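As a starting point, one isolated chain is supplied in structure tokens, in the form predicted on its own.
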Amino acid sequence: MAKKIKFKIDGKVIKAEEGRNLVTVAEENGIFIPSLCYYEHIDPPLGSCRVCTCNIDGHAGPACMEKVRDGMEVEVAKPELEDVRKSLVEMMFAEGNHFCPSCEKSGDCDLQHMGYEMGITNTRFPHLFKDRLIDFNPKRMVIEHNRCVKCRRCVEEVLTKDGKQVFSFCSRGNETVVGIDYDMEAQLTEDEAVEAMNLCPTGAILVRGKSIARPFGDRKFDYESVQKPKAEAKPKKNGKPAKLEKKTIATISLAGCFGCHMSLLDIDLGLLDIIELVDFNKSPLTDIKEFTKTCDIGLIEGGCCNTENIEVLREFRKKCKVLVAIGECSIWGGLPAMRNMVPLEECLEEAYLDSMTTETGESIVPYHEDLPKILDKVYPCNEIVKIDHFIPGCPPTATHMWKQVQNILWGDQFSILYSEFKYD
């Protein structure tokens, strides 16, 4: 029988069997240590993602590589450690082309889930939008290199019946990619291929005909957080604050689909309460074309794809005391930014010269001094002006947006529920 030992996590005394993995023991004691590469039955652990970084006996290191021992002291909930872990997840989003609203793995993605658990609304790093190849050559699988976080799970766990590896790391350093042996992949059964897809923490491994998006509510990470729930602050009577100064809101849609505005209106009868508390100034909702006053808060939907978008955004920054980016397009470019992986010249040629609807003999890309000039890529709003708050989602729910607005304008402490905080 294993020896029982005592050690501390954030000052709390924990009793456990000596030699067990620190991440597992912490989870059993209600302490959340995030990880993307840790898989309980892979021993020794991979230790590749470093998202589980903690202070262990005074030194920073990956918790998944640690076995619990008597007297060890672990720090998890330290602000600087939380910031390090968040930055690692943010870099994975920025370095890959993770278009959550269009991804088959959305709702079942471990990377996305870690973003939710850490409350990441935006990345502090600019997205790279690398043009990585997608491998369609395997018999059953599609390898989406844009989404791979190089966790090594597939390399270690996906084997043929005679124990040969299907996946392997190729190249070195920043050029490392996960390669697949086509002959070995062909030997996998359909169930083994699906198991490999489910093993991947992101949507990098897909199986044809099996990688189908599922509706909200049927997915793994839709409703329940792995962390202890926090008590939600109760709203005031009738769901609205009392004796509050009326505030002014401005809104605009830039390079987006207007879906965030539609969601904003989806508060239904709650609008009757909201209109007693706010006035809308310049907004598509009021059709007011020009600012008539300085506004307390500006809500920006969509990123910047042309010079007009930039001009409008800068005007909003001047006229709004607080500026909020709502939706994925405004926060990092969203679906319109899928063109960022392709040179602008090629985009224009495909749209106007080589498309199926191009008339024979037509070879003109529209140009006129009155037309806004298209930018080299779609830019998130925070790369153009200072953004004070970010509300992710595609689109965010009405309750999420209005809770945030009330928190910002009146200091009401409405908790954003895990089920409301989503990137898709």
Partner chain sequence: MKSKKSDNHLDRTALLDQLWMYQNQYGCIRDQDVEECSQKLGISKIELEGVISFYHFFHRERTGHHTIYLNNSIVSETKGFQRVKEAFERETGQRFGEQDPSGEFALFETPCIGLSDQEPAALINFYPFTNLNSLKVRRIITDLRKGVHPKAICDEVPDHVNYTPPKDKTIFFREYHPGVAVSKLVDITPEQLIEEVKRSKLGGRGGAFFPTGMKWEFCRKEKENPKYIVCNADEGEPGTFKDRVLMSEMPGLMLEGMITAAYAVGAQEGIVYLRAEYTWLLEKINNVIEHFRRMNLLGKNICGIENFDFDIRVQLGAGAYVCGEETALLNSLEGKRGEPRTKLYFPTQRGYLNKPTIVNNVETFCAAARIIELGTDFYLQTGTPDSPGTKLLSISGDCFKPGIYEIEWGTSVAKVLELCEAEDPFFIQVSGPSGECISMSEKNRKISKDDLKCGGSFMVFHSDRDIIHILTNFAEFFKHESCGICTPCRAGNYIIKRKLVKLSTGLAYKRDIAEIAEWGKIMKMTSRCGLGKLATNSLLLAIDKFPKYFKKKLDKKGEGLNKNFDEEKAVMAYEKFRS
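Residue numbers count along the first chain shown, from 1. The structure presented is a predicted model; accordingly, all values stated were derived computationally and were not measured.
Another form, the form predicted in complex with its partner chain, is not on view; read the next lines as being about it.
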query: Whether 97, 256 and 329 all lie within 4.5 angstroms of its partner chain in the predicted bound form by heavy atom; finding: no
query: Contact label in the predicted bound form: residue 128 to its partner chain, heavy atom within 4.5 Å; finding: yes
query: Any non-hydrogen atom of residue 60 within 4.5 angstroms of its partner chain in the predicted bound form; finding: yes
query: Contact test in the predicted bound form: residue 389 vs its partner chain, heavy atoms, 4.5 Å; finding: no
query: Close approach of residue 373 to its partner chain in the predicted bound form, 4.5 Å, heavy atom; finding: yes
query: The unique member of 394, 68, 33, 49 whose heavy atoms fall within 4.5 Å of its partner chain in the predicted bound form; finding: 49
query: The single option of 338, 275, 265, 344 touching its partner chain in the predicted bound form, heavy atom within 4.5 Å; finding: 344
query: Options 22-30, 394-402, 355-363, 376-384; stretch whose heavy atom lies within 4.5 Å of its partner chain in the predicted bound form; finding: 376-384
query: Residues of stretch 163-195 in contact with its partner chain in the predicted bound form (4.5 Å, non-hydrogen atom); finding: 164, 165, 166, 167, 168, 169, 170, 171, 172, 173, 174, 176, 179, 180, 181, 183, 184
